[in-house]
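Before any questions on binding or motion, here is one chain by itself as structure tokens, the form predicted alone.
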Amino acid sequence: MNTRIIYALALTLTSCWAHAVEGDPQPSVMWEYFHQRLLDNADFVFDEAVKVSVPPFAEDARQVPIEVDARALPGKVERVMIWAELNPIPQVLTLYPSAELEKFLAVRIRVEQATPIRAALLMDDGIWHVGSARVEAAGGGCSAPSVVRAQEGWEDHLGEIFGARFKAGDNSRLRLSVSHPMDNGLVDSIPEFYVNQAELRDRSGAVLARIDLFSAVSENPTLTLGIKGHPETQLWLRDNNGNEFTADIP
């Protein structure tokens, strides 16, 4: 059975019996479902130190900025997950950071309707620390056709990477973007075609961050990461068709 049909059935069934969890800053009947599906029923805490920032209303549901800032959270991060609970494709990304990354990232996503946005950080204490926000939206961001595909000659620019580095005190902020339609398979006759793997590497090739991406990420995806110090970096990407792209970010 199609995974989206399974998710739709799960959404319907869950809403029949589930209830909001006490202490949830964005009460949602879907929390238990994602706690089991994504966090494997592990211990968690809703933590105000994980700040999730979204616009109050998604002016463009195809390009919704999300910022996660957990720099106030002590300890080492093992993994970061972001998802939009009421999206047909809820998962946004999973980040596996090295110690060289700050507890900060930003990304743009699609949203289909108003939804809670969750960012969960698995810390070295074995507990998921969860931040939450809610974005209001008129809807349709996931089922709308790609603007990229409407542009003549878009194939000639596929995989072009743009990057910039900004100093932030003793550290630096990297803003990265790649030309790609990020097709999610929800538009008729257009199969899934999206960047699903990324690695940020230093000059020696050591991996600073590994990222699994999902097609909830917006077309021409942008990603912002905080890095300790000012190392020269390289971004490597692969899409689900096996195309690979790299670019140096000095």
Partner chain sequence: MRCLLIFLCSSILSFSAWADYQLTPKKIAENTWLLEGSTENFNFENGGNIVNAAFIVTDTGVVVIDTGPSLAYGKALRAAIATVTDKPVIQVLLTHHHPDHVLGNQAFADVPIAALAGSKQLLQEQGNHMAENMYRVVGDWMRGTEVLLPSQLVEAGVLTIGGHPLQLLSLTGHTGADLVILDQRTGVLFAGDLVFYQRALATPNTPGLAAWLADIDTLEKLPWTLIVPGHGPLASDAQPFVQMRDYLTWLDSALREAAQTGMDMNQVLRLPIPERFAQVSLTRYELIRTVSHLYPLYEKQQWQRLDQD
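None of the values given here were measured: they were computed from a predicted structure. Residue numbers count along the first chain shown, from 1.
Another form exists, predicted together with the partner chain; not displayed. Remarks below refer to it.
Of the candidate stretches 61-69, 191-199, 27-35, 40-48, only 61-69 has residues with heavy atoms within 4.5 Å of the partner chain in the predicted bound form.
Of the heavy atoms in Gly185, none are within 4.5 Å of the partner chain in the predicted bound form. Although the partner is absent here, Val148 lies well away from the partner chain in the predicted bound form, with no heavy atom inside 4.5 Å. Contact annotation for Thr246: at least one heavy atom lies within 4.5 Å of the partner chain in the predicted bound form. Contact between Ala138 and the partner chain in the predicted bound form is found at the 4.5 Å heavy atom cutoff.
For the three marked residues, Val54, Gly163 and Leu176, a heavy atom of each sits within 4.5 Å of the partner chain in the predicted bound form.
Listed residues Leu86, Ala106, Ile127, Leu73 were compared with the partner chain in the predicted bound form; Ala106 is the one with a heavy atom within 4.5 Å. Applying a 4.5 Å heavy atom cutoff to the partner chain in the predicted bound form picks out Thr222, Thr224 from 204-231, in order along the sequence.
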